[in-house]
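The chain below stands alone and is given in structure tokens; this is the form predicted on its own.
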Amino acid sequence: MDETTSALDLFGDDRAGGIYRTAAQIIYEKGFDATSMTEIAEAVEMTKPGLYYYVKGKKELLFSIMRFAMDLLDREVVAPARAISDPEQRLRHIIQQHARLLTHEAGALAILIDEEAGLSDDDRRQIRRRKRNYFAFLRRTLEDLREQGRLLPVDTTVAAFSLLGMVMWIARWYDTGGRLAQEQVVADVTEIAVAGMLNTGAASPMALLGTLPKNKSA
């Protein structure tokens, strides 16, 4: 599969998509190095030669999964967000949609962070370039907020990394079979993340400390 072909098409195929999604979940749970092609073949009830009909090799498999994750972010998060002129609403959309994807495609999106080392050098450069572009888009949104005086006095690089860390951590703790519904998690994370960035004019916690009475016995 060349770089111009969307991995979304691959994952949309019933058989191939099932293989790649299963592989993504196993890699997410066990790690790339600890996952074998034999294990993936058994999980999808195929022979190993049958698996290689769909997958050229383990590194190619990992790259396809990561391309799928980035294609998904581009389609569901970035493309719609570009049409939103208001930076606060754009930020809300970015966080909301990224969080929503993580409650549905946790395996594929989560391994974007941890498994780059398993890629070939060329494939790693492609994925890193796309991740940098996504990060730059989020940071530009925060800079737009700052230009309008609506962002807290924080560094936009620190803020962007913090937001991504918060959203990506959903994959580590969210249990689809637990008491929290997916949309409740998405809504709560979005509210917490966006509210934590906005300058609403209220005094900050540090500023409030200065208004407390001093201990005269000190």
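Residue indices: 1-based, along the sequence shown. Since the model is a prediction, treat every value here as computed from it, not as a measurement.
Note that the form predicted together with the DNA isn't included here; everything after this is about it.
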message: Residues S36, T47 and Y54 are flagged as a possible site; in the predicted bound form, is every one of them within 4.5 Å of the DNA by some non-hydrogen atom?
response: yes
Which of 36 to 44, 146 to 154, 65 to 73, 186 to 194 lines the interface with the DNA in the predicted bound form (heavy atom within 4.5 Å): 36 to 44
